[in-house]
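Quick heads-up: it's one chain on its own, the form predicted on its own, in structure tokens.
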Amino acid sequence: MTKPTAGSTDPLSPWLPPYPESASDKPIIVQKYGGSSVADPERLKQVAQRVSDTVKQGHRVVVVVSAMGKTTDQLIALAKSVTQTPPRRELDMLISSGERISMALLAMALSELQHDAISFTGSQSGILTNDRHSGARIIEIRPVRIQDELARDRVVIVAGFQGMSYKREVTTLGRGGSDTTAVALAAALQASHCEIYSDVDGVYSADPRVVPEAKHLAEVSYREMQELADHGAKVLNAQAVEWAQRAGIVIQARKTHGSTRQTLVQADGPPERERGRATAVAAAAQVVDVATRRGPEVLRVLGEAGVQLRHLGLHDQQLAATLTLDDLPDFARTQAALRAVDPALELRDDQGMVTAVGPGLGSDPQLLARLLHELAQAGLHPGRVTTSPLRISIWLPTTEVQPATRLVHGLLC
């Protein structure tokens, strides 16, 4: 966008007030607030005060909000009270309403604090996605309206988790999609950084609810954070980290209230990080494993259903794949399509996965042998294992995921 002349008006919108002289020279910050941060009117007012403080420090602010509290879960439950396999298009129409409630209320709260604020949906913000419902990917952002309002010194509030497909359909970005909205907007607006606020003060070496001795991490590299997010860590969304890495946007993961600590997600982790030690351990309590001898046909069905694969092995048309159900509200329909292609398809949903992430972890056979030995000695039952230079992923029965997480963390972190 061409920088406006001080005091001029937008020739395409002559009814709008002129741009303030100083607005376009202020740095832009994108802040994202999760559902727990805006769960009720009182917390929402506290968020408005934090945004107000940021504005008073001399920044232009774009705020991305999630739905209030458990609104999304409640809307999904409402849909499933009507049908167990809700059509994805209609589900997107339903659940995208949660963020619209948050954005409008926050704009009202900021108005009460004497700030000029305006709220936009994903489509109004210029967020264009592919045509996959329930788990779309952003393909382009055209933030013209946001830039115009920032130039007028307004606080812009954007509904997270949603966009518009090139077919002009409302789409949602999947679990954690508000993170992706925030980072993608930060990249498009050339913001100085992106602040992600939630109910935790950053990234830990494991989920503190499962591993009480988990350590707070001051810094994590993009690659490590993406592996952790892909394998069950819920602090940040994997697609958001992908956008940040591509654009070089530093993510600051913070707690909304009560703590000043944060985790920086950026290009390089701490230089002193020891090779062969885990940065962190992530866990997915339940995954779905698919095994078939009709690999190409099954992959075609999975692709048409928009399934995101976590792991894939294909040899001589024999396929083993792992997926999660987070973005598959109609998995029963997908499962029926898979069995139509291969009646002998094997499908297991009683497995979980524990993943350790760190430099050189998957390249050390002695470390892997010791890890598997210790798990077996503890009475746990490690099954399939996959590795890369940056990670080790181990499948176990769902009931053993938490004790295995604690053991792996104790051995490697």
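The numbering used is simple: start at 1 and walk along the sequence shown. Here the structure is a predicted model, which is why all the values come from computation and not from measurement.
Quick note: we don't show the form predicted together with aspartic acid (ASP), though the next part is all about it.
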Could you work out which of 193, 175, 89, 293 is the residue within 4.5 angstroms of aspartic acid (ASP) in the model of the complex, going by heavy atoms?
175
Using a 4.5 Å heavy atom cut-off, which residue among 245, 72, 262, 123 comes into contact with aspartic acid (ASP) in the model of the complex?
72
For residue 67, is any heavy atom within 4.5 Å of aspartic acid (ASP) in the model of the complex, or not?
yes
Using a 4.5 Å heavy atom cut-off, which stretch among 141-149, 296-304, 105-113, 175-183 contacts aspartic acid (ASP) in the model of the complex?
175-183
Where, within 135-170, is there a heavy atom within 4.5 Å of aspartic acid (ASP) in the model of the complex? Residue list please.
161
